[in-house]
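Just the one chain here, laid out as structure tokens, in the form predicted alone.
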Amino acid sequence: MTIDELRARAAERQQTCSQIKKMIVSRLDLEIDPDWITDDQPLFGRGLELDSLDVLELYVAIEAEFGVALYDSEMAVFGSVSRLAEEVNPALRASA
């Protein structure tokens, strides 16, 4: 992979993560700036402290905004914004 490809991939990751952060803040009516959320910050527990109702809202929001359907067996993707970005934009997944 060339340096230009790496830069393009990093820019795409940054754009996808930014879009997810804005969606989270907007759909959950959080009173924080989306830039306050880091890409690897946990969304549950000591992170944003989201709960099960928030997850349901995010399921709906992700399907509406990204056209990606998530299932109960895929709860791990809600670990962080970065994990969500990889799920909604498969091009961001590490290539072998």
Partner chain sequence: MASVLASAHPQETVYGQVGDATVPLRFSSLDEEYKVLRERAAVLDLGGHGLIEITGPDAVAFAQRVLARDVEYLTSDRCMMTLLLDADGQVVDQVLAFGREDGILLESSCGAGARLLAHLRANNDEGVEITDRSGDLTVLGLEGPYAWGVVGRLIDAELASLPFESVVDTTWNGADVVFARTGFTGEYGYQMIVPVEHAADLWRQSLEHAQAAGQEALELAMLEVRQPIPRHEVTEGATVVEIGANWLVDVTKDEFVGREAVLAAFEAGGGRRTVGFSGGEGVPAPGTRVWVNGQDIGEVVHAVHSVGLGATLGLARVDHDLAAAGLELTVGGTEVTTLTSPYIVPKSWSIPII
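No experiment lies behind these values; they were computed from the predicted model shown. Positions refer to the first chain, counted from 1.
We do not show the form predicted together with the partner chain, though everything after this point is about it.
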*How about Tyr71: is it within 4.5 Å of the partner chain in the model of the complex, going by heavy atoms?*
no
_If we define contact as a non-hydrogen atom of the residue within 4.5 angstroms of the partner, is Asp40 a contact of the partner chain in the model of the complex?_
yes
*Is there a non-hydrogen atom of Ile32 within 4.5 angstroms of a non-hydrogen atom of the partner chain in the model of the complex?*
yes
*If you check in the model of the complex, is Ala91 within 4.5 Å of the partner chain, heavy atoms only?*
no
_Partner contacts in the model of the complex for 1 to 31 (non-hydrogen atom within 4.5 angstroms of the partner chain)_ = Met1, Thr2, Ile3, Leu6, Arg7, Arg9, Ala10, Arg13, Gln14, Glu31
